[in-house]
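First, one chain by itself in structure tokens, the form predicted alone.
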């Protein structure tokens, strides 16, 4: 007991202050892959072959990357560093599936300060009223490690008024991981139907978004949208706890009717 007390005094408060302020770890985490602005060339056609999940597509004048299919393996970054790069920072979730395709037309960059201020405001508005039901719909287990981390002293989602519940009848948010295995589609729908309105569905991870590496497959539906309507998409394989936090707070915005497309 004395050893734990001394350790606590020595290390101080370890709980992140996100989203009230950026976190050093969150800012350094490789959360996604971005396309480096560059003039298109005939050789760009080969870039599509670099991705094992087909996340890269080549058009006449540009290269696109679908983060909803990207497993952040870094193969494209290694093979073509002049065209692709890792992007740090946790804010990768979106309320629109199409917004996961980068670069977005006409976009000069994301206003992270404005986004974080909106997240902070939403947390204050909801206080202690949001309950989450988590369902594994065919995950490889990596997302579950990150979801469970939300409950540890570092991330501590309860400080934001977010609680996990075992009953869908008490849940406001359905957090789904996994590629949407055929055997889990009916249980997932049953869980969704048991939740009271209003309710929000968060697809957590690339597998839940698109099926990831295991799609197409006879055993999966290519993501959880085949069973339930998804409101918030959180890419990543797996997404970091910070990205999951952002996705849950966006879900709170959807519940309040204040979410904007991004």
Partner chain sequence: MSAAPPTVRLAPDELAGAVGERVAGGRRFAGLVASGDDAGSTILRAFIAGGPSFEVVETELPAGVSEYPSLTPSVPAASWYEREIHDLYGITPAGHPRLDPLVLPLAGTDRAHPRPGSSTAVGQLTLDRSPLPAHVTGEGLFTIPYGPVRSGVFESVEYLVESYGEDIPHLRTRVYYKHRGIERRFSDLRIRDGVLLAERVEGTASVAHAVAFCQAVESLTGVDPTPAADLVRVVHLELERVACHLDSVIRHTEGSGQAVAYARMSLHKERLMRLRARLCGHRFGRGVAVPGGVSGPLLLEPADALAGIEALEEAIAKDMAVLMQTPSFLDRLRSTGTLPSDVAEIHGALGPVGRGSGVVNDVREDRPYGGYRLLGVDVAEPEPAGDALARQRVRLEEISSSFSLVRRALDELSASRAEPTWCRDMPEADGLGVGWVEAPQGELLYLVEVRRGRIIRTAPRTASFHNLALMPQAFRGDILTDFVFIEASFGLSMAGVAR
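Owing to the predicted nature of the structure, the values given are computational and were not obtained by experimental measurement. Positions refer to the first chain, counted from 1.
Keep in mind that the form predicted in complex with its partner chain is not shown, yet the notes after this line are about it.
Only one of 102, 95, 130, 185 lies close to its partner chain in the predicted bound form, with a heavy atom inside 4.5 Å, and it is 185. For residue 83, no non-hydrogen atom is located within 4.5 Å of its partner chain in the predicted bound form, even though that partner is not displayed.
Among residues of the shown chain, residue 215 is one whose heavy atoms approach its partner chain to within 4.5 Å in the predicted bound form. In the predicted bound form, its partner chain sits beyond 4.5 Å of every heavy atom of residue 163. The closest heavy atom approach of residue 238 to its partner chain in the predicted bound form falls within 4.5 Å. Counting a residue when any of its non-hydrogen atoms is within 4.5 Å of its partner chain in the predicted bound form, the hits in 152 to 167 run 152, 153, 154, 155, 164, 166.
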